[in-house]
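Just the one chain here, the form predicted on its own, laid out as structure tokens.
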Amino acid sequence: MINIPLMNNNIIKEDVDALIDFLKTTDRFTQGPKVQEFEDQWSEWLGVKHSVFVNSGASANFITMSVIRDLYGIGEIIVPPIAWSSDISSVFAAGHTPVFVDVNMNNLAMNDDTILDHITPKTKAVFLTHVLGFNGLTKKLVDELQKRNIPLIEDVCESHGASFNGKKCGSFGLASNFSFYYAHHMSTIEGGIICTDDDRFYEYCRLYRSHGMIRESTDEDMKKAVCSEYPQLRPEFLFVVPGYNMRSTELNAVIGINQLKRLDKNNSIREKNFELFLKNLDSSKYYTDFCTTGSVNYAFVILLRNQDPELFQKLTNKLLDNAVEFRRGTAGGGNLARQPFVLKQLTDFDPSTLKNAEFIHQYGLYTGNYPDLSEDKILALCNLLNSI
């Protein structure tokens, strides 16, 4: 019995002690100074100008797609089939139409040439997901999107610290989204964050986070302009956009501040773990040609080399028998274009045309990779997989 959970010990005693100390000295629990402190520290770590802490990565997605609508109009958003459901549902919720593009096998991210082939005059943004710790960017994609003036939105919810050309993923596009769910690289229990260098985008994100109220803006000129346009409304209750309460709390921020201190160190362990895993995996049975440059994988991706339903069934049975927790289909359960909420709206789209996403959907899964996972357990997992 190997016994490997998806995540272990991601909220440690040090985090709890920091929270207890804070509770003893404060009477402010909802969004306040600690949220701002965490936002500032995260912006510095990532290398961006602005960050907006929210209650989940899904809320970050929702806000980002809504702001794209407000600033760029409603249109088509190029999206990956291997991602998380809120990447797609946020596109629908904002009134856009998702355009699915197939992924690469070596990093599970959308293929750059295929993305560029799908850009039309209706395209409002490319919503690229860095899956399970992989970098999904290429120089060609970044350069071409800039040349064509197409906004890049990066979903980095599963890839805190992944990098491209020496710069952190999440600092390349118009905006980026992160999640701090328990199972991710670092956790605030629940939480997410939106990052951007664009001042106007930042202000709109702040509005959406808190009911759409203009008083949430830090831009005094923007406040004055809006208030003068609607003199019949009270400035403290002037709702500019259809926002909701997506704020987080001081408590979540305290945990985030403490967790950020050890994120880089933990990521270096995850990198070594993943390299050890790939090195000892039978490459004749399993796909091992992943691009690990710049990756910080919080999961071990197990993907069959060839189509083999019988082998995949044996694989899942072995993992279950040995208490190795896993998720089929990799991120989001596989090909999201197959999900009911997508099929009901994109009635003419055939999910089977996404060939690589389909293969990953049928023959892929992931298991946990975290800092206190021992080398012995990683090697035992490899031996188990190779014995099938």
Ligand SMILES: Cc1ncc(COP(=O)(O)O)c(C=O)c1O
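These numbers come from a predicted model, not from an experiment. One-based numbering along the sequence shown.
Below, we refer to the form predicted in complex with this ligand, which is not included among the displayed structures.
For the residues Ser66, Ser56, Thr330, Gln31, the 4.5 Å heavy atom test against this ligand in the model of the complex is passed only by Ser56. Just one of Thr129, Ser90, Asn297, Ser248 comes within 4.5 Å of this ligand in the model of the complex, counting any heavy atom, and that one is Thr129.
This ligand is not drawn, but in the model of the complex it has a heavy atom within 4.5 Å of Ser86. In the model of the complex, no heavy atom of Ser176 sits within 4.5 Å of this ligand. Contact between Cys169 and this ligand in the model of the complex is not found at the 4.5 Å heavy atom cutoff.
In the model of the complex, this ligand lies within 4.5 Å of some heavy atom of Asn61.
Proximity to this ligand in the model of the complex, taken as heavy atoms within 4.5 Å, picks out 181-189 from the listed stretches 259-267, 230-238, 181-189, 204-212. Residues are counted as partner-facing when one of their heavy atoms sits within 4.5 Å of this ligand in the model of the complex; in 145-169 these are Asp155, Cys157, Glu158, in sequence order.
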